[in-house]
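Below you'll find only one chain, the form predicted on its own, shown as structure tokens.
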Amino acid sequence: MIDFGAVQQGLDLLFSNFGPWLVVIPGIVLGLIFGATPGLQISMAMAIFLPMTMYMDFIQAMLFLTAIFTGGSFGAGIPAILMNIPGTSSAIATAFDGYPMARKGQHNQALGVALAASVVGALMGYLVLFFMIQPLSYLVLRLGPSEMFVVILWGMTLIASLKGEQVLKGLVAGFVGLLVGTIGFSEIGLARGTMGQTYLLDGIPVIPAMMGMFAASELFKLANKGFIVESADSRKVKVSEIFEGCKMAMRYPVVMLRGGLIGVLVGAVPGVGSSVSNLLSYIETKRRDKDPDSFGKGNPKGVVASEAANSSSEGGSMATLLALGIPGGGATAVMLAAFAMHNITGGPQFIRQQTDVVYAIIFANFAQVFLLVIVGLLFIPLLANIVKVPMRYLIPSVLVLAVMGSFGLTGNMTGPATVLVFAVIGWIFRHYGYSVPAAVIGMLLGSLAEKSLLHSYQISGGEISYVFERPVTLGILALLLFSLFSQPLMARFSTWRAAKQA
């Protein structure tokens, strides 16, 4: 239930003075810059500027950190569209159709589509947070490791659909990524796949590997090209076309709604978040579309699905943080640190005793979404000029940026070495028709799946009957089987019915 008295108090907290709002636009700009720079994570930006929040009151500190979060969620999609380099793992699916659109000279429209979908997705996430924060927190508490494993399994089984008709190659690529994701120490302390190399004990750094497979391998392929966009007329940056892209996104309300709901639900699960939600949303949109073969070739629905889920997952992760005091990912972990710095503990007691503060944070995020539209429209034309840079300058610049960013992530030469090794692996995958996205998804989800399966085994004592005592697990399994087999069964039924009528 909504406490309207607390709502009024929350609005008073926000608008009684202008102080809290002074940090919002700088926060959005910082988020856009860090999100749009490959190798720089949103959580990294929040951690760097966290000490500044010691000198702010709690509301102002949360507005600053959530503004970075909001800006970064959209910013990560900009390099994914323009250079096929996802700024973070939450923008992987944005590159699937955003980059082909840019290659066709539709970079302005693609960026407009991404901005509109991000704004609508974020609004949906915070609307759900406003109305459903307590029921959502209860639902999250019902999710144990077995439910987590089945959700991840759902994503893994749908990997094959990323490769269209080449299902086997998609599964092989996903399995290779899964194996790579298990390199290093396991949950029980066993070293696997290290080949005696100490720098592999912590596993393969996923972000540098992703940068190598997506960005560097793509740049190798474009080495003989003059520009990302070959037509000189198509390289122009037009604000009118960015607005046209925003209108284009609004033509797919069902895709936005589905992406938003997936983002909220998956974003609320601790440790999963937007890295998985954007992929699930993309795969579900492709699977349900009348023309699934158009995905991966510049279908704007793919960008809408990814960005809506990516941005709406903010609301889900904030619900977990505020209602349970559990961070959903790296960004909300930094926010939890800000809670501690101001002697505040998130959870049910925080919601009961400081409901006005909770509503103030939620309303501030609504305002940030609208400010993102203004800042984004000013920021996009500047970044879109990258399509005018000749490839002979762009390729070495991006490679240097990727190598430096990976060094910043790992703090040693493991990061740059990973980028270069996986650039070669990515080029081989592309050359022989294996799915690079499927391999990256395998790397991202492999360790999560293993951890959830191990915890389920420890809790159940190895008894399979444990699964039948978990109705939520059985429900998700039923949805998994339905999503896998409903379409083929319906196709067979239609064929049988047509044959019978004939």
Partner chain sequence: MPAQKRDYGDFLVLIGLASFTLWYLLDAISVSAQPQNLLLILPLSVIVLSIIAIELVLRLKQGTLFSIAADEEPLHQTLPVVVLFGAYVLSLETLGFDVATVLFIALFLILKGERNWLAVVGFSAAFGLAVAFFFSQMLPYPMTLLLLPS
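Positions refer to the first chain, counted from 1. Note that the coordinates shown come from a computational prediction; the quantities given were computed from them, not determined experimentally. Whichever C-alpha set is largest while still superposing within 1.5 Å between the two forms counts as the rigid core.
Not pictured, yet referred to below: the form predicted together with its partner chain.
If the cut-off is 4.5 angstroms on heavy atoms, which of these, K247, K104, K236, R192, is the one near its partner chain in the predicted complex? Of the candidates K247, K104, K236, R192, R192 is the one lying within 4.5 Å of its partner chain in the predicted complex.
Can you pick out, from S240, N343, N224, T198, the residue that has a heavy atom within 4.5 Å of its partner chain in the predicted complex? In short, N224.
Looking at its partner chain in the predicted complex, is some heavy atom of each of A417, Y432 and E450 within 4.5 Å of it? The answer is yes; A417, Y432 and E450 each reach its partner chain.
Does at least one non-hydrogen atom of K169 fall within 4.5 angstroms of its partner chain in the predicted complex? Answer yes; at least one heavy atom of K169 falls within 4.5 Å of its partner chain in the predicted complex.
Find out whether any non-hydrogen atom of F34 is located within 4.5 angstroms of its partner chain in the predicted complex, and reply yes or no. Yes, F34 lies within 4.5 Å of its partner chain in the predicted complex.
Under a 4.5 Å heavy atom criterion, is I395 part of the interface with its partner chain in the predicted complex? Yes - in the predicted complex, heavy atoms of I395 and its partner chain come within 4.5 Å of each other.
Answer with yes or no whether P381 is in contact with its partner chain in the predicted complex, where contact means some heavy atom within 4.5 Å. Answer no; every heavy atom of P381 is more than 4.5 Å from its partner chain in the predicted complex.
So which stretch, 371-379, 104-112, 124-132, 179-187, is the one near its partner chain in the predicted complex (non-hydrogen atoms, 4.5 Å)? In the other structure, the partner sits against 179-187.
Please state whether V400 has a C-alpha shift of 2 Å or more between the shown form and the other one, with the rigid core used for the fit. After core superposition, the C-alpha of V400 moves less than 2 Å between the shown form and the other one.
Does G411 move its CA by 2 angstroms or more between the shown form and the other one when the core is aligned? No, the C-alpha moves less than 2 Å.
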